[in-house]
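One chain comes next, on its own, written as structure tokens: the form predicted on its own.
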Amino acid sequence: MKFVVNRDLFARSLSRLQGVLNRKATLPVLSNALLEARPEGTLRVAATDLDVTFDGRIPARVEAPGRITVDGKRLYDIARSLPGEEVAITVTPEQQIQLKCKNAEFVLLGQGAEAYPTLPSAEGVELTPIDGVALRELIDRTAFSASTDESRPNLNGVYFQCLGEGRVRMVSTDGHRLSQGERDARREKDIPARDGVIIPRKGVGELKRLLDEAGAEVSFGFLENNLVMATGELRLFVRLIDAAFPDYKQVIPKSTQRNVVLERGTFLGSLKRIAILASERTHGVRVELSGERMVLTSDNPDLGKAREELPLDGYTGGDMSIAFNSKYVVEILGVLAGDKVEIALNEALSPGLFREHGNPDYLFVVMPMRL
């Protein structure tokens, strides 16, 4: 096996794999990257942890085709540090991988590709164009509230649903809060309706990395129990969570008695300050509404108390007091982009509904606390 490849393209293709390589896997070969030099003049660079697979192609001058696997992290560290523009790579019969670039030379010990798991193939999969920028925004505004409790696998990811007419929805919840986003993500044609699937947290993270690189020009499809995302010569396969997502619509308040509008930045800054003295275990902050003002308070017997008043741009409803986990609300305010935020409330023990003022695409639900 022998080929020459552009160093920057090679290093970039290896960088994509770093989140997939599993150095603690029961199968040691899963810490390896698969390199396959093909006669038509391409180099396949791929890796899998059996749940997430990256599979890409870059141009190469192939003198002798072949396949080999090698420690993916070490190869990436070497590739990005090489001094020249092109890398000449030769694999010896003893499975030694020789890399030469300008006056630098490295030798890595490889492993035969026959021990590597069979990778999924997107051949024959119907791919639908989708706006990757819209998809990236949906991930940013929903993924943070996915559960990390491994005993509840159906909450360990983001629910992804195609609604028809080009609209897609993402939802996540950990049982204490919920994030929902919905966008028109069509490109050349409509996105057909499809039942929802659950993309695991790790898969969402790798999808986010791919979208950062690809921008809007991506397509997606489904292969058995895998989500397939494609851009150019790169394919990402994510094994979906085989479980039923809860009926999240039951948590979203159908109507509200009290509605608040206030400056998002002002609210965020005040909440962060008041949370300094909140309990480190519950992060609880009390919110009191009265007339044209909001009062935030925290009371920690071991540290002290904090209180701050905020003016309201609008408030309908009577006086009330409710408490929330400040960490949850801060995360919501941090992903919103508008200048103002709306809070819709009912009673002290009823969920609070948060929205970006004037933007119906996103909503966030936070369960109240007893303080």
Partner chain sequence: MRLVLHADMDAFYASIEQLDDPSLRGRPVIVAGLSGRGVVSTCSYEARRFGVRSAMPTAWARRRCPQGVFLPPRFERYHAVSEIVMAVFRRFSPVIEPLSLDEAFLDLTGSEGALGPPERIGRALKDAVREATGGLNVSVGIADTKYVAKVASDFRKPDGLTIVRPEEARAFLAPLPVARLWGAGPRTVERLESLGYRTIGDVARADPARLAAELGRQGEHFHRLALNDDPRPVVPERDTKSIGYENTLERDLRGAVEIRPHLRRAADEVGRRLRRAGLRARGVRIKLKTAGFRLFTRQMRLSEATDVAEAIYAAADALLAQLELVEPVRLVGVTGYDLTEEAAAQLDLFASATPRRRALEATLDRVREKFGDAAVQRADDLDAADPPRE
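Residue numbers count along the first chain shown, from 1. Everything numeric in this text was worked out from a predicted model, so none of it was measured.
The form predicted in complex with the partner chain exists for this protein as well; it is not shown, and the discussion that follows is about that form.
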Query raised in the report: Does the partner chain come within 4.5 Å of a heavy atom in each of Asp140, Ala337 and Gly358 in the predicted bound form?
Result: no
Query raised in the report: Considering the partner chain in the predicted bound form, which of Arg293, Arg152, Arg209, Arg201 comes within 4.5 Å of it through any heavy atom?
Result: Arg152
Query raised in the report: So which of Leu178, Ala278, Ala185, Val260 gets a non-hydrogen atom within 4.5 Å of the partner chain in the predicted bound form?
Result: Leu178
Query raised in the report: Of the listed stretches (101-109, 123-131, 248-256, 82-90), which one has a non-hydrogen atom within 4.5 Å of the partner chain in the predicted bound form?
Result: 248-256
Query raised in the report: Is Met1 one of the residues lying within 4.5 Å of the partner chain in the predicted bound form, judged by heavy atom distances?
Result: no
**Report entry** Exercise: Thr173 in contact with the partner chain in the predicted bound form, heavy atom 4.5 Å
**Finding:** yes
Requested in this report: Would you check, heavy atoms only and a 4.5 Å threshold, whether Tyr328 touches the partner chain in the predicted bound form?
Outcome: yes
Query raised in the report: Even though the chain is shown alone, can you say which residues of 20-55 have a heavy atom within 4.5 Å of the partner chain in the predicted bound form?
Result: Thr26
